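What follows is a single chain, given as structure tokens, in the form predicted alone.
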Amino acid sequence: MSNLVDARGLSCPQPVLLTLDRIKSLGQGELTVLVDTDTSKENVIRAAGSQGWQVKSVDAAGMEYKLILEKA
């Protein structure tokens, strides 16, 4: 199973739902999430945090964001 959620081009709540589905299937580890709006970025970070996941890094390239989330 890939540890990548590519939610670019999707509007909320789809990026959050995809991220939460992957978080539930992984349980722990590292997950990369790609989004292309500020709203999606903030909502994914908030939703992941509610599940005990932390933001390891946020890389911005133009209007796209690469979020690295982790849970030990």
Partner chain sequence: MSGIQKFFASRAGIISVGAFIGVFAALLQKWGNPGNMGICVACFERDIAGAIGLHRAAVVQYLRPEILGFVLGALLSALAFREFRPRAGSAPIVRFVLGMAAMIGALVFLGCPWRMLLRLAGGDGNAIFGLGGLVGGIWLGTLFFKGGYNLGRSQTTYASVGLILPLIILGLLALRLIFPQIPDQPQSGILFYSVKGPGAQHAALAVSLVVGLAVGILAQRSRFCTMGAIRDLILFRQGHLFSGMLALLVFAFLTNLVVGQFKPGFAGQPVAHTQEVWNFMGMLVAGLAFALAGGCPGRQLFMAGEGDGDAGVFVLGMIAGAAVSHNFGLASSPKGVGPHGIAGVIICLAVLLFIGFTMRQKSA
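Positions refer to the first chain, counted from 1. In this text the structure is predicted, and so the values were computed from the model without any measurement.
Below: the form predicted in complex with its partner chain, not depicted.
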(Q) Taking its partner chain in the predicted complex, would Ile23, Lys66 and Glu70 all count as contacting it (heavy atom within 4.5 Å)? (A) no
Q) Using heavy atoms and a 4.5 Å limit, would one call Leu17 a contact residue for its partner chain in the predicted complex? A) yes
Q.
How about Val58 - does it come within 4.5 Å of its partner chain in the predicted complex, if we only consider non-hydrogen atoms?
A. no
**Q.** Residue contact check: Thr39 to its partner chain in the predicted complex, 4.5 Å heavy atom
**A.** yes
Q) Is Gly52 one of the residues lying within 4.5 Å of its partner chain in the predicted complex, judged by heavy atom distances? A) no
**Q.** Partner contacts in the predicted complex for 4-33 (non-hydrogen atom within 4.5 angstroms of its partner chain)
**A.** Asp6, Ala7, Arg8, Gly9, Leu10, Ser11, Cys12, Pro13, Gln14, Val16, Leu17, Leu18, Leu20, Arg22
